[in-house]
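Only one chain comes next, encoded as structure tokens, the form predicted alone.
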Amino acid sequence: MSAATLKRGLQALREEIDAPVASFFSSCMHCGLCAEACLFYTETGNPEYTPIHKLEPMRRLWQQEFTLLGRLQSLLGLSKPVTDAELEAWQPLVYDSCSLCGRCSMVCPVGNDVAYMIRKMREGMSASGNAPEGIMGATTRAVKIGSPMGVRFPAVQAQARHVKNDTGIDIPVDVEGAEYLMLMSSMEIINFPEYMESVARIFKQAGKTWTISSTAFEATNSGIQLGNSDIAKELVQRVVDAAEKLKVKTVISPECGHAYTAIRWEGPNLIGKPFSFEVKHIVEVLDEFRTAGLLKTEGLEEARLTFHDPCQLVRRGGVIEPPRNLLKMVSQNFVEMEDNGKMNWCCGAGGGVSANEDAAELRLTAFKRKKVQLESLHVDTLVTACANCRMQLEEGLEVNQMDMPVVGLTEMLAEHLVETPDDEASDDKIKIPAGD
């Protein structure tokens, strides 16, 4: 990255003011409905967290340079230019109090996509040097090391050896011609190693070939979270190069919402051409296996459980029914939250918020919305399909002294697989704990 300056930041903002952004600013009625859809506003009552307000510097730049009235006001000294100090002051609003969940966009009466605009606002913030140190550090590690959390491939190999020892299943690496290329997030490698074992067991039963790439195993794209399209493109290109080299048919995004958005929806636009392969979330693939009759499960969870919808997967990705189809295979007591599916409430940690140390108190305050939802259901277990959500949910439950296990959907499905005679026995099978 070249030196960040206010001049570069403002130029980046100008370049991001495309036709949709201009039309959104023009049509905004300042009705405030987006505020009631944002958990950072609802849980704090702070009007600064109104979604459209987070875009004020970009809106003023648009008005001053792209509208006749704004130009006249600037000439007469009635409109102040955007300053570096102002962008610095806006950093907590653009990064700490926005998870890019898109719920505000769902309720806008004129159809403005506020999350789309925040994503573009971050391009200017990054270019001007006003992005949080946490996300900048993660992005630097992603470029230099290959992972935002500093995970190197030997760590993946170590997990693969554990899977081999526990199940007898080899984890395929750099296998040319496999049907699927499996991506993982650093959180799954470090915090949820059971994910790799679950995938291995499921794919073995389904009889599908898959592989991990030694050069592109990381799914998380911190360039998207930071707001730097050049870096985001570089990280996407790594995956594309690996997928094309290995000649796979499908690239699988892991249980990570933003990784799914980055490679599935933004990826082709970033590299400027369509992919030669399909991209699907692991939940979509598992539901396809279910439909084809490739998954055989036994036993049903008796514990009362619910599902937290990851925003990027469900609301912005449209993957609503597949996780519910899979849950019906393993649960007899599944209940929905009052707001579920496309109108779910965010966990509060997406969009890079979890990487910002300064946002820790705010994101746990935002978790109060999820706390109320869970308390009203009286559930024993919480299931989700995003490692980042899972980390936030576990922390939020701990802080609020709520004794409730949080389980990954892939992990839960694997626990209920019918064991075949040649399956290796494991002394430490994955256990799904039930709440009190």
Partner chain sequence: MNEVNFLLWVRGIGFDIALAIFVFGIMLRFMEILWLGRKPELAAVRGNGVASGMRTVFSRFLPADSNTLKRSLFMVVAGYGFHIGLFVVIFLFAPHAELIESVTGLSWPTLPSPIVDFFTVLTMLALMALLWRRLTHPVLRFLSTGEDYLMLLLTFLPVLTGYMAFHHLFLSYGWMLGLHILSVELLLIVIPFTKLIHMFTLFMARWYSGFMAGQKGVQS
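Residue numbers count along the first chain shown, from 1. Computed from a prediction, not measured in an experiment: that's the story for all the values here.
Keep in mind that the form predicted together with the partner chain is missing from the display, and what follows is about it.
Shown here without its partner, the chain carries Met29, Glu36 and Glu284, all of which come within 4.5 Å of the partner chain in the predicted complex through at least one heavy atom.
Out of the listed residues Arg324, Arg290, Lys342, Arg304, Lys342 is the one that sits within 4.5 Å of the partner chain in the predicted complex by at least one heavy atom.
Contact with the partner chain in the predicted complex, judged by any heavy atom within 4.5 Å, is made by just one of Ile52, Leu409, Leu393, Val379: Ile52.
None of 80 to 88, 106 to 114, 246 to 254, 181 to 189 except one has non-hydrogen atoms within 4.5 angstroms of the partner chain in the predicted complex; the exception is 106 to 114. When contacts are judged by a 4.5 Å heavy atom cut-off, Met402 does not count as touching the partner chain in the predicted complex. The shortest heavy atom separation between Thr42 and the partner chain in the predicted complex is within 4.5 Å.
In the predicted complex, the partner chain lies within 4.5 Å of some heavy atom of Lys273. Interface residue remark: Gly177 is not counted as part of the site for the partner chain in the predicted complex, having no heavy atom within 4.5 Å. Within 4.5 angstroms of the partner chain in the predicted complex, the stretch 40 to 70 places a non-hydrogen atom from each of Tyr41, Thr42, Pro47, Glu48, Thr50, Ile52, His53, Trp62, Phe66, Thr67, Leu68, Leu69, taken in sequence order.
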